[in-house]
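Single chain ahead, by itself, as structure tokens, in the form predicted alone.
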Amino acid sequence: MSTNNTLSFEERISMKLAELFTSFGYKKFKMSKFEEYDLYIENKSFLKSENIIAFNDPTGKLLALKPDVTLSIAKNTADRETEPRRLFYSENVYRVSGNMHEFKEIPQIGLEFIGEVDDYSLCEVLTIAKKALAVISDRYVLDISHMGLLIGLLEATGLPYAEREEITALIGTKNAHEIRRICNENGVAPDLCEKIVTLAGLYGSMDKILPLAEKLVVNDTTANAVNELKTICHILRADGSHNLNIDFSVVSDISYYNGITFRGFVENVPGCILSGGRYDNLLKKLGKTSGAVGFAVYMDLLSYLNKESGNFDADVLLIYDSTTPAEVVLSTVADLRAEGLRVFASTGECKNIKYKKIIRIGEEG
């Protein structure tokens, strides 16, 4: 019997992703469910949710259920400048879920490259991200950006950090009107303001967007960002650039992320199912000299794709009667399971069980 046939859709995807990551030399990293509360409080802006479940351990130390995996890995991984660490994880995080305003345990799978980040390692992570999306669905898109272009433009404005953060958030929503308002209120030169607005709206293929990005260069930071993005895109093109676009509205916190950022989408799933980027600044905040790049896959969103099982509890409802010997029921169940089917055996129809079909055995069948 094939073990894969008896696994759930989510379990099969998880197993395939683990195989993908290990094929590139990534090792599984296992961590505790708990982390010191101060780690998250000191890096709240890095988290997707500011709500943290905290409690005191028997010694009185304040701990938290982890709302993020990358932060824990960055803290607990040794700083090795000459020896890169390739790690992947399959963990649950604890966050407030959407509009429900209640804590949920959310499964997440991802990988982290920690060490000297060069062109190859960046492209390796992006390539794995593309392949991870392809494992989930053949109808996917990976959008990439570079925080350096935004950071350089914001540097040129001379705006205080708070306004830079606000503009970063507005670029993520492509809100040109509010970007112009902040620039006008703070005396930013009109041509520089328009470059920022233009950046927020740039989306499309590499060949279309890269020449437009070059027109936004205003200083060394923006020039270096465009050059690195051109190099990465050139390398990725050799590996096949289909399903890959440039989208400068893909932004992350400017105090943590400093280079390539990206998000992955698959058809029929609302929102991004994969996100990542280069986060050297997080390592610096933790007192480490290594670079870092990685991504996470949000496994809870796979439910939108699980049409195959349709959220059924079983493939077959096997109904037997009082005349059916137990050994016959056991044998029938074994045969159906050998075909990769999930079987629920019962003496009658079950209102609380979702199933695809009924098979009856015995005199009444």
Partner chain sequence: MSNFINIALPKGRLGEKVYNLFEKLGYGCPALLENTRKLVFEDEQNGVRYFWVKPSDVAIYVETGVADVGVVGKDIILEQNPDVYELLDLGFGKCRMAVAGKKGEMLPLDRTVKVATKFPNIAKRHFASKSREIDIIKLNGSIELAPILGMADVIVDIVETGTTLKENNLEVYEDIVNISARFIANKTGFRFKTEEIELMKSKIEKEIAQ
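Positions refer to the first chain, counted from 1. Please read these numbers as outputs of a predicted model, since none were measured by experiment.
As for the form predicted together with its partner chain, it is not shown, yet the points below apply to it.
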Partner contact for Y203 in the model of the complex: its partner chain, 4.5 angstroms, heavy atom: yes
Contact test in the model of the complex: G115 vs its partner chain, heavy atoms, 4.5 Å: no
Exercise: H177 in contact with its partner chain in the model of the complex, heavy atom 4.5 Å: yes
Close approach of E91 to its partner chain in the model of the complex, 4.5 Å, heavy atom: no
Full three-residue contact with its partner chain in the model of the complex, heavy atom 4.5 Å, for Y140, K208 and F265: yes
Which of 248 to 256, 281 to 289, 212 to 220, 148 to 156 sits within 4.5 Å of its partner chain in the model of the complex, heavy atom basis: 248 to 256
In the model of the complex, the residue from T173, N76, T231, N184 that sits within 4.5 Å of its partner chain by heavy atoms: T173
Contact residue in the model of the complex, chosen from L236, L87, V269, A134 - any heavy atom within 4.5 Å of its partner chain: V269
